[in-house]
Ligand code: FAD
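Quick heads-up: it's one chain on its own, the form predicted alone, in structure tokens.
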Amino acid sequence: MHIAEMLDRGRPTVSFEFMAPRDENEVQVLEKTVAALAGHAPDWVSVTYRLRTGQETLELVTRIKRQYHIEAMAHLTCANTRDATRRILNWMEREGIANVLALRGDPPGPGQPFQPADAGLTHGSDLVAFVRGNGYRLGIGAACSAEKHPESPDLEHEFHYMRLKVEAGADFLITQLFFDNRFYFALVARARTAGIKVPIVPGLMPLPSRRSLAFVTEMSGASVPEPLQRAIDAQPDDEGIRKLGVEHCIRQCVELLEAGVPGLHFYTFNRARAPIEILGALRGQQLLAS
């Protein structure tokens, strides 16, 4: 089933992003996380793409869909040539994968430029256009930022590329993580004024630790509201930060759900505890169906 259809059903979806494992130890952690979160009835999940382990990612997406009967979406980036991309998309369709998240991909490291594998696939919008233009029946998602991405000169540049992705054929958008809902609401308002009507799903991440927070804010450009930063600084250890992160994310979700968002997408970092606690709180308040 296409994810865009789920987002148009009139009730908010719940979805999780899993990170592609880098080694056997991470495979075991991920398997436990998938099993734990599958029991909480997500509408769909996604799995990130690493060039080195791309085949394993695709196999994991297929396994989730078949074993847990959850719609699983594969991420795909511009790290492949057009011929290799076509082979991957053909494989997805043969295996019954119904959705793809078309992304440019991350640079090798902070401050380093992204290196596309093909001159014809340099931006996420190029990959969206490639999937749509080659007749694939896949639902297509794309990414967007509620705040300025570190690689963008300004929000105008960010919005321009978001618009290109929709014009190229993206069915829905998922935002990068953010900790202040005002950025999300401003993005949606601007998109609607510009005539962009596709669902825009907020991407959320409960704070896992000081170290992880520093990494994700550097990579995504997400800012931390001053009151939240003060509360983080006052915590004696990572467990205190984790609890604080869960509480803050619950407050974000409540406000977003009351505003009528199409869904909630959680960046899990392959950990199940925080998302389970957040969903429990939201269902306890009857903001999500049990």
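Not measured: the values here are computed from a predicted model. Don't overthink the numbering: it's just position in the shown sequence, from 1.
The form predicted in complex with flavin-adenine dinucleotide exists for this protein as well; it is not shown, and the discussion that follows is about that form.
Taken together, T48, E158 and K165 are fully in contact with flavin-adenine dinucleotide in the predicted bound form: each brings a heavy atom within 4.5 Å.
Proximity of A143 to flavin-adenine dinucleotide in the predicted bound form falls within the 4.5 Å heavy atom cutoff. Proximity of P206 to flavin-adenine dinucleotide in the predicted bound form: non-hydrogen atoms within 4.5 Å are absent; the residue sits far from the partner. The shortest heavy atom separation between P116 and flavin-adenine dinucleotide in the predicted bound form exceeds 4.5 Å. Taking non-hydrogen atoms only, G124 approaches flavin-adenine dinucleotide to within 4.5 angstroms in the predicted bound form.
Checked against flavin-adenine dinucleotide in the predicted bound form, the residues I200, L187, L101, V131 give one hit for a heavy atom within 4.5 Å, which is L101. Shown alone, this chain has one stretch from 131-139, 86-94, 192-200, 168-176 that lies within 4.5 Å of flavin-adenine dinucleotide in the predicted bound form by heavy atoms: 168-176.
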